[in-house]
Structure formats: structure tokens, C-alpha cells
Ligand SMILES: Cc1cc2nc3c(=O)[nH]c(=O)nc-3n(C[C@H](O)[C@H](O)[C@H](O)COP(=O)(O)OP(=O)(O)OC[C@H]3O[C@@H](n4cnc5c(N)ncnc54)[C@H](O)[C@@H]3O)c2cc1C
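The data below hold one chain only, encoded as C-alpha cells and taken in the form predicted alone.
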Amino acid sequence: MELAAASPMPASPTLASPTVRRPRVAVLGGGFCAANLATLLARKGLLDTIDLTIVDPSPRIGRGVAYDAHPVHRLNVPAGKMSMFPDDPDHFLRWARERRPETAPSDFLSRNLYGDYVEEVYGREAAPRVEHLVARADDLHRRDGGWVIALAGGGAITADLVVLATGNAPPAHPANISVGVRGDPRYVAAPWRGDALRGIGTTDTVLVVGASLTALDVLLTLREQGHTAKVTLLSRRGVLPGPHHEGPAAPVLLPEVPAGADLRTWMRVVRTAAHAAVAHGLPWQSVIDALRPVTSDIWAGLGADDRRRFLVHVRPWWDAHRHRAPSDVLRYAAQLQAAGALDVRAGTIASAVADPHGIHVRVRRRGRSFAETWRVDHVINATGPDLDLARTGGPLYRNLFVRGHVAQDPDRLGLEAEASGAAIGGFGQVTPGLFVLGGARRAQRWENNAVPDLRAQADALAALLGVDHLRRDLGDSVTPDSSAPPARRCHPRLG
């Protein structure tokens, strides 16, 4: 059964002409990217000329997994850089100061507070003119120059243009975790979900697989719940995130690097610049921050072999230096380590089995040829999102791959796309009327999951979604109708 998304009746008979209709854009996903795109479209006046539908099963738009978090989880970007709007960089800071006058630009506020901000701004500026379809899209196929979006459980809607903004996928299970352990309640596959850690007793021993920002979030959550037993973080390198610099920003100019420089050259440049900065009393963080504007260009200039070398050998160290944690969180972790309540180990899991007495994990520690067995009460997977959408993207992406509408990059970091975000299909062609927004564009940009990166993507896409662009792509049958009334804000799944 196919149903078109409901639209209000025209205000007058003259608007009912079959040659006049507003193009419909459907955004699949309801997290930050969807809310940001919708709000930017509203600010540009484009919601007066197009119908926008957001398809997402959550009743709340804008929070996603990232900003519907435990109260102790903190942003890892300071408040002064978290505005939704590229042309108004202090927007979030002003909003936060209305609620917390003491907020400084360098403060790392709670994720939940940021979720309140996104939800409120979207709700005020865009939601009254956006249709929210509370459903999950399971399939997408072309028809008559547009798209038919099949919904889970039945029903469908049509759209002229579709934006894939599905957010982060769940993490992959760590290697060598047995099927029996995966189904055991003492194994937490996705710690971001609601009260996933509530079943852990205060004296239960815990192994966290991963040592990055997610692992620190897990540690903070456990301690907030009154957990007192030992927690072990296990990762390939055993490296915690580095600290954010607590002082004022220290701009650093990177040396000139020839276009198309290889990975070895860039590594030498970054190391040399970091040592020079420290020697001159500047923080090493300033060098990493100086790379932000050019990271995508560097990544695009690397050959396929260099990209793979980076992913295998450099990425753990890059992540630790680039995706940093608030200094007070790291000081707290250091206190726990000194007290013997936290252990950070480098190694990999050789096997894991469960019995009534716990989960028995054989760990091969880095630099050792033998495995040792650890018995723990719980294992928590904190390895971060699995970027392989063929494995984790669910029915929607499985069908998109089969139909050839999208293609995965060779390193399985996300989807192939042009610089504009236009999706590239399985035969190397641009798929008309299909765009990618958010983390799935990591294959082209590498740095692609922080708000400053995502809002820039959304702003560029919003500029592309003007009626002139739509008319060129979709044909003369799509004619602007700015006097048609707005769509309803929300209705349950059709069908």
C-alpha cells in the first residue's frame, strides 16, 4: 500500500492547478543533522517554497543518540564552538548564558543541555513548517523521476529529493566475542542506549572494550551510579584521549606543504610543528587545531595505500590527539588509576565465553606472545560507531546497496558522495535527487562527526536546496508555490 504524505488543502481554488506544486524534500533521520538542516532552510526562507518531511521513529527531533545522554556525559567541543549556525558562532553560548550566566566559551557543557538547545531552536524556528513522520524508512526506489520511501510495517510516501541523515550506526561487536556472550545480559553491546548500564552492580568488575571518549562516558556513568569496583579499559594501543588545552587559544601557522604530499610527509610536518610549539611555550593542541581547516584536503590528497596505512597504524594516535577530553575528566580518571580502581591496558581479545560465574576473556596484551584469562562480571562494548553501513545500516542501506543507489567506499568508512553531498551509486554515477548528510560522508572528509563539521555540511546543502536548484534537477513540473499553507508538524506512521 502506498500513501502520499498528507498535505493541507489549498487556500483557494487557484492554487489547486495541477501544474503548481511545491517540491517535497524528505530527510531520513531525526538527529542533529536533520534539525540543523531544517532550521537553516527556515532561516533561508526555503520552507516557504518547499515541503519538508523528516522521517524518524523518535517522537523528538534533534537529540539523536548523542544528545539524549546520561546527565554526566559532556560535550568534547567547548561551548563557544557549538552554535548551530556558521554565520552566528556565539548563538549557543548566548543561549547557554541565559540559563547559566557563568558559562564561559571554554566550558564543556552536558550533552543533554545541548540537546535541549537543538530541540528548542528547531521547535521554534522550523518545526511548525516541517512534517515529522514518526516511522522508520526501510526502502527507497525511483519512480517517475522522484522517490518512493517504503516505511517499516507498511505504507509509503513520495518525495522529489531525499537526504540520508541517519546518524551514527551502533558499534560492531569486538572481534572474538562469542555468540553466547553477545546474547548474555552481562554483555552491553551499545552503552549509549538509555539505561544500558543499570544492571551493573556497584561491586561488579567491568571490562570496557575501548579507551576513547565513549569509554570515559561509560566510566563516568558507572561512578555516578555508585559503582566502586575495578574498571579495566582495553584497546589496541591502551591510549586515553589527550586533554583539551585549558588556556586561551594559541594560533599556529603550519609550514607550507607541497600539494599531494604523502602520509609520511604529513606525519613529519605535524610532529615537527608540535615539538616546535612546545619548545616555544605553546600547547601541542594548537597544532592539531590548526589542521582542522585543511584536514579534508589532506585526506582527499592521500592515495589509497596511504589511507589504509593511516587507518591501521596512525588512527589510534590521531584520535587520541584530535578527539580530546575535558581536562577535569582526565584528572578524575588519573585519580582512579592511582587508587587502583581503573586500569588501562593495551591488547586485544582472543576469546570470550560466559558461564554462571562470569565472563571469561582471554586477552593477548600488546607485546606479549601469550594470552591471559580475565574473569569479569560484565563486558561493555565502547568501540564507537561501526562505519560499515553494509553491515550496520539495516534494511534501508541493504536495499540501497542492492539497488545501486549508493556505494560504499573501499575502506568502508561511509558512502561515496560528491563534494556537494550528492550520492554516488554502485556504477560510479551520481544518483539524481539523493544526498548524504552527516557521518556517512567520512570517506570524503575524514573529520565529519563534530558539530562544526556537520553544521557546515548542512549549511552547504541548505544552499543547494533552493527552488531554482530543485527545478533544474526535477524538471518544470515542480513550480514554487509560496502561498500554500505549511505542513502539519507531526503525525504517526501512515499505513
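In case it trips you up, residue 1 is the first one in the sequence shown, and so on. Computed from a predicted model, the values in this text were never measured in an experiment.
One more form of this protein should be noted, the form predicted together with the ligand, which is absent from this view; the next part is about it.
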| query | finding |
| --- | --- |
| Contacting member of Ala443, Leu465, Ala42, Leu454, with respect to the ligand in the model of the complex [4.5 Å, heavy atom] | Leu454 |
| In the model of the complex, the one of Ala417, Leu219, Leu396, Leu387 near the ligand [non-hydrogen atom within 4.5 angstroms] | Leu396 |
| Proximity of Leu52 to the ligand in the model of the complex, heavy atoms at 4.5 Å | no |
| Proximity of Ala333 to the ligand in the model of the complex, heavy atoms at 4.5 Å | no |
| Contact test in the model of the complex: Gly167 vs the ligand, heavy atoms, 4.5 Å | yes |
| Residue contact check: Leu75 to the ligand in the model of the complex, 4.5 Å heavy atom | yes |
| Residues within 4.5 Å of the ligand in the model of the complex, restricted to 131-166 and counted by heavy atom | Ala135, Arg136, Ala137, Ala165, Thr166 |
